[in-house]
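Next up is one chain by itself, shown in structure tokens, the form predicted alone.
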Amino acid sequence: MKKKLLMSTLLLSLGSASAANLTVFAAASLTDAFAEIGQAFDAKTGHTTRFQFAGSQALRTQLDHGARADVYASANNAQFDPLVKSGLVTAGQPFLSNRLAVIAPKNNAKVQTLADLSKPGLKLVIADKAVPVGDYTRRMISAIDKSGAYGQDFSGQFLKNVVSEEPNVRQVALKVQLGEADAAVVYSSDVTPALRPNVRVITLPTRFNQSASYPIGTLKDAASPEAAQAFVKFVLSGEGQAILKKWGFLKPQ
């Protein structure tokens, strides 16, 4: 009996010693998917994962100024690669891709087509240009301009209608959900089950849409490097990718 008790105590002690407290900095668009991934990962490993969700540019700034984290997942390479170059983050790898979506309030009929976004007097909400989705949005309207499909200055008229530039994509979506905008540009993955009943998705032709590639990597000074690497591996695993797909994300490119 004493031997069994000693063995049980030893196992518990080893389990608690190997369990880690993990901090993951992740783009705001990953909020729902990573929350579910974190629960599944913790259940499998015994680790405790805490998330900091924000615009990728805000997370990069925090890391640049000494914030501590174990894993960083960005919504584009522009907010990831400089951290690799400065030696803060290990070389990452793409773990998903995403596409843009134009949304409008379900009970607001002002915007029916993409062309309507340039009509005078609309209230449009987009992300700030430093935010990955804000950059992709500007690439989208530039592609529309080059095509000439909706006139030569679609982007100029579009930007005149912008009444707010938000610090992350979830804030953009929230403005539409609250009825504070006639339309907005978000990621397709942001049209979640919670948002879908309140919005309409405006058709966005493939030739104007933008592909967003998300990289993930570990911090070089991670407090729990093995757990950090395990989290990245779980995200890339079949189970992790299935959760991302469930939340509307696409395979990495």
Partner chain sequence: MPGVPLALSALLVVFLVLPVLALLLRGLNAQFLPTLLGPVVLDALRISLLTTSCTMVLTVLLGTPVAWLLARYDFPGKTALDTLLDLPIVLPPVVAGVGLLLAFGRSGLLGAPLELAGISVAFSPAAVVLAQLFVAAPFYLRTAKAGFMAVDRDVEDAARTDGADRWTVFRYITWPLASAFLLEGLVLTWARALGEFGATILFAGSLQGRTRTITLAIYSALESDLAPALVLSAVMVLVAFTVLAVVRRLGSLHTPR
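Model, not experiment: these values are computed from the prediction. Positions refer to the first chain, counted from 1.
From this point on, the text means the form predicted together with the partner chain, which you will not see here.
Participant: In the model of the complex, which of the listed residues (M140, L88, A130, L114) lies with a heavy atom within 4.5 Å of the partner chain?
Facilitator: Only one listed residue qualifies here, and that residue is A130.
Participant: Identify, from the list V125, A73, V102, L96, the residue with a heavy atom within 4.5 Å of the partner chain in the model of the complex.
Facilitator: The residue in contact is V125.
Participant: Spot the stretch among 217-225, 57-65, 43-51, 194-202 with residues whose non-hydrogen atoms come within 4.5 Å of the partner chain in the model of the complex.
Facilitator: That would be 57-65.
Participant: Taking the partner chain as it sits in the model of the complex, is G92 near enough to touch it, meaning that at least one heavy atom pair lies within 4.5 angstroms?
Facilitator: G92: no, not in contact with the partner chain in the model of the complex.
Participant: Against the partner chain in the model of the complex, would Q157 count as a contact residue? Criterion: heavy atoms within 4.5 Å.
Facilitator: It does not: once the partner chain is placed as it appears in the model of the complex, Q157 has no heavy atom within 4.5 Å of it.
Participant: Answer for P167 alone: is it within 4.5 Å of the partner chain in the model of the complex, judged on heavy atom distances?
Facilitator: Within the cut-off, so yes.
Participant: Quick check on V163: any heavy atom within 4.5 Å of the partner chain in the model of the complex?
Facilitator: So V163 counts as contacting the partner chain.
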